[in-house]
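Before any questions on how it binds or moves, here is one chain, the form predicted on its own, in structure tokens.
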């Protein structure tokens, strides 16, 4: 029996890319495998995707672009990634709904509506949330936390390129060790960069667990965590 009924999966844009492509088809297939493994357990799934493989608003602002303009471009990049994931899902018979934090016409995707999102999730659809919070100057980490709260998710699962939270950067420090669990207070005192400050504070306030795991492993990693295996790092009150 799985622990959660409804979860929010946070995917970075960079995780979707290969060295040659901004959106890697093989990675999309891996994401679909992760999605199907979750649905097979009867768990309802919302997804927030970043856009860093196409545009990063903060980086554009550092280069001299207006911050708001850069963030709008970054949010549009998340819509492109969401559409790519939804297309891959539909090709694999996964029912999916894409929502955007700001209105986009032409039947591209639905505007964000937490009631419609919850109805879709209850009906077995995967709901992909794009365009972050719909406002500039907020990260997709904050967007993921906000959407998780709106849909009543019980945990946020953050897919990264490492298999959890470490005492130091495991790439740079071979002696770094992985935490199995952490409290929010421990993570703050140790200055562990799990999410940005506002997203982290929202999770703590709403008693929303965070699980950091690697999406580079097999597509059953998240499914195995849901079954109770000690993979990744759990952060909770």
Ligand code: UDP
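Residue numbers count along the first chain shown, from 1. Remember, it's a predicted structure, so these values are computed and weren't measured experimentally.
Keep in mind that the form predicted in complex with the ligand is missing from the display, and what follows is about it.
The candidate site formed by 75, 133 and 136 is fully in contact with the ligand in the predicted bound form, as each residue has a non-hydrogen atom within 4.5 angstroms of it.
The partner is not drawn, yet in the predicted bound form one stretch among 164-172, 182-190, 201-209, 65-73 has residues with heavy atoms inside 4.5 Å of the ligand: 65-73.
For residue 24, no non-hydrogen atom is located within 4.5 Å of the ligand in the predicted bound form, even though that partner is not displayed. Using a 4.5 angstroms threshold between heavy atoms, residue 145 stays clear of the ligand in the predicted bound form. In the predicted bound form, the ligand sits beyond 4.5 Å of every heavy atom of residue 221. Proximity of residue 51 to the ligand in the predicted bound form falls within the 4.5 Å heavy atom cutoff.
Of all the residues from 13-28, those having a non-hydrogen atom no more than 4.5 Å from the ligand in the predicted bound form are 13, 14.
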